[in-house]
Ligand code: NYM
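Okay, here we've got a single chain as C-alpha cells, the form predicted alone, with questions on binding and movement later.
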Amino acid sequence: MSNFALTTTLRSFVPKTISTFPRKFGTWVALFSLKSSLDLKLRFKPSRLIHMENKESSSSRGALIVLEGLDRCGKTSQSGRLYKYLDEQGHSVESWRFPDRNTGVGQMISSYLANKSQLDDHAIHLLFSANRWEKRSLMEEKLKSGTTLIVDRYSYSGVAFSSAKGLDIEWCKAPEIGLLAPDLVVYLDISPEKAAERGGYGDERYEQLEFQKKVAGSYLSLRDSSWKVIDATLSIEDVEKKLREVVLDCMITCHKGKPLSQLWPC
C-alpha cells in the first residue's frame, strides 16, 4: 500500500468529533500541562532545595547547658532530674560534672577538696582548668553529633572560687580562653546563709560561709547574656519546671544550627 493510500485509510478512522473541538483546545492542553507540572513540584522537591535542607540539618547540634551556683544550691540534684527528663523524652543527652574526678588531674583535685593535700592557690586553679581542657575535644565531638550536655559546674566556678581567694580575675580567666562557651548558663540563686542551712554543708574545703559570700560576689561580676537566674529557694518541683523551660528553648535554637563559640574571646 502506498503512503498516500495508508494516510487516507487512517484518516477515515479518526473520530469526526475531533475536528469539531473548539480552537481553545490548545489552551486547555497548556493548563493541563501547568497543573501536572505543579503537582510534580509538590511531590518532588528541586535538588537545590533538598541540598539546602540537608545542609541545615547537618549543622544541627546538641546544646551545652551549664548549671552554676554556690555550694548546696541544688545543682547536682537538678542536673540529675533534668537529665532524666530529657532522656525519657527521647533526646540524646549526657550528664557531666566538673571537676571530673575520674581523670588523673581530677584525682589530684579530689584529694585537695577533701583536705587531704595542700596546693598553692595558683596551682589548684590551673589544675581545675586542665581538668576541663582534658574533656574539651570530647565535648565538641558530642555536641556536633547532636548530644546535649548537662554540665554541673564549668569555667565560671573556677574563676569565681579562685578570684574569691584574692587572685586577679583576668588571670583566672586566661587559662579558660578557648574552651567552648555554654549555650546557656543557669545560675541557681540562693543566699550563702540559706545554703549553709542545707544538709551536708561544710564537708568540703570551700563550704565556709564567709568564703561563699565572696564567691557570690565573683559570680555576679561574671554574668552575661547567656545566663538565666532561677530562685533556688523555690520547691524542687518549681525549680525543675523553670529549668526545663529555658533548657528546651535553648535546645531548639541549637538544633536550628546555632554555631559553637569560645569562652571570653580576646
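The structure displayed is predicted, hence computed values, not measured ones. Don't overthink the numbering: it's just position in the shown sequence, from 1.
What comes next is about the form predicted together with the named molecule, which does not appear here.
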*asked:* Since the partner isn't included here, can you check whether the named molecule sits close to all of E134, K173 and L180 in the model of the complex (heavy atom within 4.5 Å for each)?
replied: no
*Taking 4.5 angstroms as the cut-off for heavy atoms, does W227 touch the named molecule in the model of the complex?*
no
*Using a 4.5 Å heavy atom cut-off, state whether H122 contacts the named molecule in the model of the complex.*
no
*Tell me, yes or no, whether T148 is in contact with the named molecule in the model of the complex, where a contact means a heavy atom of each within 4.5 Å.*
no
*So in the model of the complex, does E204 come within 4.5 Å of the named molecule, heavy atom to heavy atom?*
yes
*Hey, of 149-157, 86-94, 183-191, 114-122, which bit sits against the named molecule in the model of the complex at 4.5 Å between non-hydrogen atoms?*
149-157
*Enumerate the residues of 91-116 that have a non-hydrogen atom within 4.5 Å of the named molecule in the model of the complex, in sequence order, or give none.*
R97, F98, P99, R101, L113
